[in-house]
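There is one chain below, alone, in structure tokens, taken in the form predicted alone.
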């Protein structure tokens, strides 16, 4: 049986030859729903392949550490079914990156389980390629000792102890890994943690399209129609040809304009002029955005600069403890006026009550929405809010300990005395009972660093199976 990628390469004679390559970005993040009308319209354009991203660090460290998916299993399965049926009915490659939300071994295992189940139920037969992204810890430790690991942003250097503490430790596979997997003559690729661009850049690179526009296109279409006005998650079509590409949302209500597409460079980028990948960087400072019509924009001018030293972004997550939260509100203007001092006074009281020596073995923090819940404003608002919402979070070694602290906090915040109080109780209003909730295990990012490597292929092994 001839694979989908082999048929695609044969259609192009193995290289671009000035032909247009049609790419469908099916979903900004698989598992949150794929709008059917837009996908159907995209498929009517006879695309050469379909790609979809499935994860991100936007969801925080919990999912990487726990191995759980951020998306609901039922919806994730529905989305996978939709794309598998679409790709196999047209015999075109399907490429999915960052399986199961975070791309570690448990996420990849769960996603592959869904794929195998769907294939069996629907009578689908195809060659499935997988890319594993879990980092060998001895390799990472060796890189730390060699001074080849650096932090991303204003965070501490990575230590061997943090590597050991990580429940899961992954690296972001780049275009190299996707090309290596596709070269195994597969129909479907499911990758662990991966760069979003690799999903969409691998096939164009195999065909010899210029890498600057290829990577620029890949960075935009991985978010589907988010680059449009109004932004959304409907499928998007990119037509790659010559020195540029044309973008068109498959939802007629969304318009890809020069301004909206250019503005997408501000999304997830430390520098809007540079797209950094393991193998190099796409320089987009000279990119040109031109309206084709009121719904389509052509982009050209990006340049590719190969990396002098290949790198891999490392992501690790370590468990901190068990979490309980207290949820409450207040409409008492006197309580609201002094809430910052109130919560600090209660924090001290609770420490004395739940410990023998007043030294907490837990973390108790407060967020007061309406005052400083989203951002730690140094000064109170000029106009006092009519209502506030108080969230107390306790992270402790055990769930029983976390709940004990949260329940004690509730009682003493509810009855806390302060100057001008009119009632001996009722500082707080509870949206439901019990107001203390179990929020599960708490995790933190233990690794968010870049590692130099001389062996990208060795870090991201490829496996192939026939379904």
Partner chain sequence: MKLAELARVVRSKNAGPLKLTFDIMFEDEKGYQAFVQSPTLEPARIAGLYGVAPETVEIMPYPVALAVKIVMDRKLPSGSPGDWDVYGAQQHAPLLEAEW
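Residue numbers count along the first chain shown, from 1. This is a predicted model, so every value here is computed, not measured.
Below, we turn to the form predicted together with its partner chain, even though it does not appear here.
- You can rule out all but one of 270-278, 350-358, 88-96, 73-81: in the predicted complex, only 270-278 has residues with a heavy atom within 4.5 Å of its partner chain.
- Heavy atoms of residue 61 reach within 4.5 Å of its partner chain in the predicted complex, making it an interface residue.
- Among residues of the shown chain, residue 114 is not one whose heavy atoms approach its partner chain to within 4.5 Å in the predicted complex.
- Taking the partner from elsewhere, residue 395 is found to have a heavy atom lying within 4.5 Å of its partner chain in the predicted complex.
- Although the partner is absent from this view, residue 19 stays clear of its partner chain in the predicted complex, with no non-hydrogen atom inside 4.5 angstroms.
- Checking 372, 332, 134, 241 for any heavy atom within 4.5 Å of its partner chain in the predicted complex turns up a single hit: 372.
- Checked against its partner chain in the predicted complex, the residues 206, 119, 143, 320 give one hit for a heavy atom within 4.5 Å, which is 320.
- Residues 443, 444, 445, 448 are the ones in 424-459 with at least one heavy atom within 4.5 Å of its partner chain in the predicted complex, listed in sequence order.
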